[in-house]
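Only one chain is shown below, in structure tokens, and it's the form predicted alone.
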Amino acid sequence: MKIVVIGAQWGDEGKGKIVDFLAEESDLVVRFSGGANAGHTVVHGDATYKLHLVPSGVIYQDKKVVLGSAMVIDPESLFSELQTLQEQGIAWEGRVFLSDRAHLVLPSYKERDRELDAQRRNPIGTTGRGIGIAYAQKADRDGIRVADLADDDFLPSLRPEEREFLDPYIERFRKMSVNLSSFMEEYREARVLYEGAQGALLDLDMGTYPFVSSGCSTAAGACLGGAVGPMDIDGVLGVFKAYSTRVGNGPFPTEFRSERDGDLGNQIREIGHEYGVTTGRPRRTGYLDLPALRYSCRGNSITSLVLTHLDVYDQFDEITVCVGYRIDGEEDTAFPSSCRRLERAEPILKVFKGWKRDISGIKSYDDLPREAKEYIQFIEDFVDTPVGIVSVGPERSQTVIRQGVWQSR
């Protein structure tokens, strides 16, 4: 069975925790896209693991994980991350594999990334980690893949500074790399978890272009980066927060505004610890955008939703969501393709009564407050997709399962 986990918003939805939770019953975890600009936080008891390239399932000592074909891998970042995991007691050798079709990020890409962003007509607020340059080199058919490091005829074509940087990693990459298509044949009947990066609204084609990432962060990316055909995917989980966040530039129609919402944005940011795992930047915060979530559900064939950070709203008298937009004097419930149109959108809001109690210890969906269940029911009806899992805190134990994932098709 093959399950895909993606972010259904602008990233930072809590995918790391969900992948970690589901990985316990999986046989293999494959990260299918993105690079070191992504950040996942996994909490196991007193230990917190901050992951950027390595799939979240690595925390389980009996699990194998793969960095997939559509990823762009910074060798320095990867082995630094693996060293940190080793120091935290996670023995990874023999369990972490790289697709030999994945592309590499070189040091020069990072400076070019920052320079390019400064020259854009619409600066996107890049993390400056060379991700966009690596994907551009790939599209320009001038990139360097993991497989190239095993090709002695290719190595002389490297520039001196490239060879100097890559030399310490060549043998290590050779030992870890696999032909992913052949490798996945061994897992044809296994439970495979495909882990996405960023969120659907940051996808190069489906997202709020040009304020997007450079890779494929939709469910379709699991096929391209994970060496699997679309007919073999058994389910797609879309992870979303009870509110919305975004990092960097770009339209965000439900963003909290002090003149309308007072200090609500700062309150949510502090309660939800909304700071980037990779950059440390404070995230922009806003109301849950249901038209955007419905757009993600439709475009990714999401079979079940995962609602996270619901506990952040424990202290509030009211919970507000966006159910449409008012653009140029007209109302619309469709998520616009044009960023300029989305920037002009004013959210049409609906208010729900809050539950005003601590839900972080709840284990059963039936035990959630009536107000919380009404909020969830409204979301399900609006986006026409069930909520199968509810997260009420950062730890694995703070996960309410409403609908099992690892079931037969």
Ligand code: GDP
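A residue's number is simply how far along the shown sequence it sits, counting from 1. None of the values given here were measured: they were computed from a predicted structure.
There is also a form predicted together with the named molecule; it is not shown, and the following applies to it.
**Q** Counting any heavy atom within 4.5 Å as contact, can you tell me which stretch out of 22-30, 41-49, 342-350, 380-388 lines the named molecule in the predicted complex?
**A** Single hit among the candidates: 41-49.
**Q** Of Arg283, His103, Arg191, Lys110, which one comes within 4.5 Å of the named molecule in the predicted complex, counting heavy atoms only?
**A** Result of the distance check: Arg283.
**Q** So which of His309, Arg294, Arg269, Lys138 reaches within 4.5 angstroms of the named molecule in the predicted complex, heavy atom to heavy atom?
**A** If I apply the 4.5 Å criterion carefully, the residue I get is His309.
**Q** Using a 4.5 Å heavy atom cutoff, which residues in 1-25 contact the named molecule in the predicted complex? It's fine if the answer is none.
**A** The stretch touches the partner through Asp12, Glu13, Gly14, Lys15, Gly16, Lys17.
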